[in-house]
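Listed next as structure tokens is one chain, alone, in the form predicted alone.
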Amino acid sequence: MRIAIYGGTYNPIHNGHTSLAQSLIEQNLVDEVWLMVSPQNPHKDNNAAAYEERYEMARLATNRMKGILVSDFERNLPIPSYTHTTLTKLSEQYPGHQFFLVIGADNWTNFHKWYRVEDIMKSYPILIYRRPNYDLDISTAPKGADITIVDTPLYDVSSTDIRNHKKLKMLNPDVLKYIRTHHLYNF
């Protein structure tokens, strides 16, 4: 089975995340997308909502979506969560699956700084989606790297926008209700 690993803090998850995941399946690029909720992203400040809250919001957002699963796999890995470690452990635990890495153009600009990035590019196909205001140049990728720029919906929204009480229409209603019920992000 072809599995796309779409990691993130999901602080909070929004419709841009889920639409992108759905698009990868609809285009038959992969069979499933596993949203990998990161306990701690090594490239971001650690002022996110609690892991359990972010995981639950992701679960609510994808509850009725076919082929999109929310994974807590990184929950049992060392912190911070390095993508190379996650992919290696997934490959060991699920040897019958082919894992793909999904990243945005914003992450691609700093991808060369990621832990063991050369090993990631040698071992796993990478699907890169466009982001507003980011140029995408894959000419710096090593020869032989399996990189695909995917044509997915382009949403000008970020989790930061949501936390700043902007673009709330980009939230699944169940997620918005959860945020308000649990008083997250000063809602």
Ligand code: ATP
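No experiment lies behind these values; they were computed from the predicted model shown. Numbers for residues come from their place in the sequence shown, where the first is 1.
Form predicted in complex with the ligand: not shown, discussed below.
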Partner-contacting position among 63, 148, 27, 160 - heavy atom within 4.5 Å of the ligand in the predicted bound form: 160
All of 34, 55 and 172 with a heavy atom within 4.5 Å of the ligand in the predicted bound form: no
Stretch in contact in the predicted bound form with the ligand, which is absent here, among 139-147, 152-160, 119-127, 66-74 (heavy atoms within 4.5 Å): 152-160
Contact label in the predicted bound form: residue 81 to the ligand, heavy atom within 4.5 Å: no
Residue 176: touches the ligand in the predicted bound form, heavy atom cutoff 4.5 angstroms: no
Any non-hydrogen atom of residue 131 within 4.5 angstroms of the ligand in the predicted bound form: yes
Contact flag, residue 86 vs the ligand in the predicted bound form, heavy atom cut 4.5 Å: no
Residues within stretch 104-129 having a non-hydrogen atom within 4.5 Å of the ligand in the predicted bound form: 104, 106, 107, 129
